[in-house]
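Below sits a lone chain in structure tokens, taken as the form predicted on its own.
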């Protein structure tokens, strides 16, 4: 839709990004070993084996025919590539700056992001949040004056054939190794990300800028999380006080009404509803306007971005917005298996005994959910409390977000973790993807979780393996 761009060079980066997305999808699928992809994943909803790359994109059971049509429409939109004039191979409206050209480009097969381990390559399944110290009247972080609230590594304007993509900056990640020692003498190599931000197009970030690296999360089960009654979440927070924990809700701005609502989505629970999450992701990650977010993310210093021509219409129509929202509400989470082995039973006992279920609450229940009645009043097993917890200095990004402090993170749901590598080759866990396994993720826990982490580190090897096996089975 940006007709003011130079056609001889402007659409080349978008075409290259679309091609790169296809390559990423193919590479992720090909990365699966024969033993992993050869096992049948039996889907109880469809009553058939599900291909590995579709495990995280299955609908909930009992969708009506009308719901099924809307679900499929939303899935198609979720997978669609966004483009710019004069290309005709996608939805028009990408950019002017962006991080991906399609939802599926980062949420590969609906799964989590895969880190770029080669520090010579640009990272794009991880993104960088930016802000300045302080907040607005609602408690929202203050955007950077030159780069906004998120660093965009791509843009629709190219400089030359040798340098076709010009975004706001280039992001690469250097992985700093460090060791963790367990009680039995086992040493585990961990890694800590160091952001390397170069080619800043609009001046330096400045020493006071708060920077937070974020990995792409999974998309399944979001409808269930949206449908948990607020009272139930607050009751969990009250119960945790007796356990010596301090789970707290994040209250964030509903951008449609200006009211404060309970945060549920995002690494710091900074989005209140699934519908707002969808609109915010389209704007933040792809530069797609909607009836909720009318203005492009073009700080005043970005003159070319400010002058980009548009049709004057919202690029994400309400119909498409509703379809994607419904699709994400209707994506089923992998079902929790029945205890089928002594190792599983022992692992669950150890998981509870270490205190992990204080935050990773096994069972929640949905309430009324008019968007999708098929999931109303359902028990489900996400292993989260949707609350914020202090996770210690090692995981701190020191970037507050509404009521979330610089050491706070929403408890990550654990369901489906063991299938992650089968889906798209990734087992990159925690908010920035630093943990390459459940073992590494546990060992990074600090703050309120330090006691549970230390209990795990003091276990015998066979007990640690049983606990990890249990988590993989969720």
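Fair warning: this is a prediction, and the values are worked out from it, not measured in the lab. Residue numbers count along the first chain shown, from 1.
Below, we turn to the form predicted together with heme C (HEC), even though it does not appear here.
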Counting only non-hydrogen atoms, the one stretch of 367-375, 195-203, 125-133, 180-188 within 4.5 angstroms of heme C (HEC) in the predicted bound form is 125-133
I'd like to check something about residue 449: if you look in the predicted bound form, is any of its heavy atoms closer than or equal to 4.5 Å to a heavy atom of heme C (HEC)? yes
Would residue 348 show up as a contact with heme C (HEC) in the predicted bound form if we use heavy atoms at 4.5 Å? no
At 4.5 Å between heavy atoms, is residue 419 in contact with heme C (HEC) in the predicted bound form? no
* Asked: Counting only non-hydrogen atoms and a 4.5 angstroms cut-off, does residue 471 reach heme C (HEC) in the predicted bound form?
  -> yes
### Query
So, 102, 216 and 410: all three within 4.5 Å of heme C (HEC) in the predicted bound form by heavy atoms, or not?
yes
The one residue among 391, 227, 333, 210 placing a heavy atom within 4.5 Å of heme C (HEC) in the predicted bound form is 391
Checking 70, 60, 57, 429 against heme C (HEC) in the predicted bound form, the residue with a non-hydrogen atom inside 4.5 angstroms turns out to be 429
